[in-house]
Each structure stands twice: as structure tokens, then as C-alpha cells.
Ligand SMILES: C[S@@+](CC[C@H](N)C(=O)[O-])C[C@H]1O[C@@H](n2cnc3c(N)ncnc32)[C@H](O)[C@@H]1O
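First, one chain by itself: the form predicted alone, in C-alpha cells.
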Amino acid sequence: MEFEIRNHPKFYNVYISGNPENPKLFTKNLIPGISVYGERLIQFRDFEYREWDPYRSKLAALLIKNPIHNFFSKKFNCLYLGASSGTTISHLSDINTEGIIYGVEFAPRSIRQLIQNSEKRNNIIPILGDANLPENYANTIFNKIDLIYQDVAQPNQAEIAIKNSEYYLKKGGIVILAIKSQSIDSVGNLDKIFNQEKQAIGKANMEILESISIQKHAEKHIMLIIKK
């Protein structure tokens, strides 16, 4: 039986194989022949696909949970906070072939790896910057942002999302926020920590559309889907 890759039933430019209840995820490789982080490359019919590992990417872990809301489209502008060396942002690059992704990363070593991993991906703009100070990279961002994706392991995760949303996100835009409880309080109660971050989001006049645990793939993490 031929290995089959098919369109995800909901998310644009995302592909699946296997059982729909527990699928393997793929994106169509924008730069065929190149693996970014050691992921498996699969040729199916006329295209090459990259397997998207939910244990390496919290966004993939979120998609495995099949959220209600669809945040991908044919063209969107994305601000990625905490882009690291390029694992998840490279899959967003495969998906968002007609838009721009601004990848903000604070660590010099990681930004060097991100630049190397994205040098052939013309839709990624790496930015060395501190997500706590969104005004400092305003001269690099030339588009109103449709989607903010944040995976920043700092104590003030909600505050960072709010600041960047106020600065860049268009009205009706979406924030996907990965909250890691241990970065906020390493010994505190999980639910209490998550609730205090949710309350901060609510006070900022932003609506939490979904709150989804991804602890099977990323310990002590939840994902919030937020609308401005």
C-alpha cells in the first residue's frame, strides 16, 4: 500500500497521513532537498514533504489537538516571538508562501542558526531583538500583522503578548500563545499560574477563544488562541 499524504481537512497548506484521530503532520517543503532540523523528508507524487514533529514544535502539538479556530490562510503576515533556531518557523514558512514571517529571537547563537536555516526562505525575516521591547524592532516590520505566534520562556509571557499585540496586531488578528508554567513559577500550582496569565489577557481587552493543553507533547504547557 502506497504511503499517502493528503490535505488537512481544516488548516491551509498543512498535510496529514495515517489515522485522522492521531495523524502525522507534514508541510510541503519550500526548499526541496533541505531538512532544517533533521526531520524526515518524504516524496509523495510530485512533491516533497517535511514531517512536522509535535514533540519538537508546540504549534504542531496544537494542531494535533485539532483546535476549533483556523488561523492559517493563503497569505498572512506573522510575527513570531521566540523563533529560536528555526524549527517551527520553517514549517510556517512552508505554509505561508505568499506572506511574510518576522522571526524575533534574543539569543545571538540561536539567531545565527535561524539566519543559516532561513537563508533560502525569502518569506522569513530574522530579527535579533528582545520581545519585551517591541518598539525596538519597529523599523524592521513593514506590514500590519495578522498572526502573532509566541513561544518565549520568560516570567511575563502574557505581558509580552499584550505589548506586541498593541504595537503590531491588526484588529481581529490572532495571537497563539504558548504558556510554560515553569518559566513563570517553577513550583507553583499549574492551574493557578495558567489562570493568572489568562486574567492578564482578559484585562487587556483581548478574547481567549481556546485554551488547549499540550502536555502530552510539551510538559506543563498550554496553548491560548486569542483574538484582538
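The first residue of the sequence shown is number 1, and the count goes up from there. All values reported here derive from a predicted model rather than from experimental measurement.
Heads up, the form predicted in complex with the ligand isn't pictured, but that's what we're talking about next.
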Checked Leu92, Ala158, Val152, Ile145 for heavy atoms within 4.5 Å of the ligand in the predicted complex; positive is Val152
Which one of Asn123, Asn77, Ser110, Ser73 is close to the ligand in the predicted complex, taking close to mean a heavy atom within 4.5 Å? Ser110
Within 4.5 Å, heavy atoms only: does Gly99 come near the ligand in the predicted complex? no
Under a 4.5 Å heavy atom criterion, is Lys163 part of the interface with the ligand in the predicted complex? no
Is there a heavy atom of Ser84 lying 4.5 Å or less from a heavy atom of the ligand in the predicted complex? yes
Give a yes or no for Arg56: in the predicted complex, does one of its heavy atoms lie within 4.5 Å of a heavy atom belonging to the ligand? yes
May I ask you to list the residues of 98-136 that have any heavy atom within 4.5 angstroms of the ligand in the predicted complex, in sequence order? Val104, Glu105, Phe106, Ala107, Ser110, Gly129, Asp130, Ala131, Asn132
